[in-house]
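Shown below, as structure tokens, is a lone chain in the form predicted on its own; questions about how it binds or moves come after it.
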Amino acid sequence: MGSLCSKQRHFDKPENEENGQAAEIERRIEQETKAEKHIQKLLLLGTGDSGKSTIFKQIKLLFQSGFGEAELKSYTSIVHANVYQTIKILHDGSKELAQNEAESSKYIISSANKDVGERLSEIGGRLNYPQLTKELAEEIGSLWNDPAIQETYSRGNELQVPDCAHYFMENLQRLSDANYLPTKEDVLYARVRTTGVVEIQFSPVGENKKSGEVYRLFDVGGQRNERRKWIHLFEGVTAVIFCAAISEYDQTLFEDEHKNRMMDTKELFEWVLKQPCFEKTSFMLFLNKFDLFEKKVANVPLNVCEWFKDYQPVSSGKQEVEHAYEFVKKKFEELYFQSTSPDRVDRVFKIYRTTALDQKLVKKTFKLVDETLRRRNLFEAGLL
């Protein structure tokens, strides 16, 4: 009998271990489920080139460990690609303007840079770009400083010239160094189109996550062909952060040169606001690229955009910039309330003036977003 009992216990041991493992797995799943409930889901939306990805990179720099050396190195080819793509756009644009404009002579590239321009344009059209050498950088710099290219650059809004153009062209010697390692600023300026979905988890209060909310931010491609990938992310969202590039009121889409970028932003914002799954979702509107808007509005009237056709300038200088900004802000406010059904008017809606490249401003803005969302959570819990 004793041997039978001991044998029974021997057979029970693996079963007990198995039950213990199963219980441990269940406990971990329960812990992870509880942890997930405390993570606030943020969705970063906007059109292509609205500055979403720059905001995303700033979050990584501000509230995570930033970019390690290996990740910085991975941006070398992207930065070099941006240089080649930019000089090709400018070269080809100058040729087009020289053929079609009344004052065509000012767009004709000098004979000293003509052959160089053709060769650089050919390189810029390749699928794989060579490493940027000192020799190539000198040639690009010479072409960049050509009066015809500078005239063309002044009309960059018509040619899809990227915002990073001036920054990279003014840093060619550093970018072409044999031991070049991109800086954090280079990474922020670097332009690569977002495809699919990328995510990051962070807390605006820094390392001590116990003293504030934890957020999971999702960034998605803004181009039209990428927007269908957004839908599956719409459920369970705490807040939508919508980026609108307010400097692009006189520009057209990369995908459709007949469509004004601001009109596309307006239509997309309106569509997002009306989605049923955002009935109780907070909306944070980032009126982005204010630095570029500030420079442009003095030279290009707001009313070139159909949505802003009723705009009337009242002054000049900084006063006019503020007047123009307030006008644009009011347009978005009106659109929000026009597109929001009466049963949704109590959801949180905030507008922030942003410049994605300005780290201090982005940090301040996210602290304000965090404060707003924490207050909303306290209100819903009946603690306010």
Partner chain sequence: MAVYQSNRLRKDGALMGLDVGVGGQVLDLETAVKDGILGGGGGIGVGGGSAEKLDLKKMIEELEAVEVPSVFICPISLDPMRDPVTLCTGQTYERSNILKWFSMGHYTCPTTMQELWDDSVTPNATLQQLIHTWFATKYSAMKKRSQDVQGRAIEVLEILKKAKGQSRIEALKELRQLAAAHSTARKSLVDNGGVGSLSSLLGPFTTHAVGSEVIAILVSLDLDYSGKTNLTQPAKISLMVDMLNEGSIETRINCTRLIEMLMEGKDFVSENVSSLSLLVGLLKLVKNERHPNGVIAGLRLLKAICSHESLRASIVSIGAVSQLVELLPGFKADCIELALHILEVLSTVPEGRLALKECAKTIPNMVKLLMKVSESCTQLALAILWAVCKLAPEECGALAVEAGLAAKLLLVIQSCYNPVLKQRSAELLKLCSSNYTATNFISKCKLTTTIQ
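Residue numbers count along the first chain shown, from 1. The structure displayed is predicted, hence computed values, not measured ones.
What comes next is about the form predicted together with the partner chain, which does not appear here.
Although the partner is absent here, residue 318 is not a contact residue: none of its heavy atoms lies within 4.5 angstroms of the partner chain in the predicted bound form.
Shown alone here, residue 69 lies farther than 4.5 Å from the partner chain in the predicted bound form, counting heavy atoms only. In the predicted bound form, at least one heavy atom of residue 350 sits within 4.5 Å of a heavy atom of the partner chain. Heavy atoms of every residue among 326, 329 and 372 are located within 4.5 Å of the partner chain in the predicted bound form.
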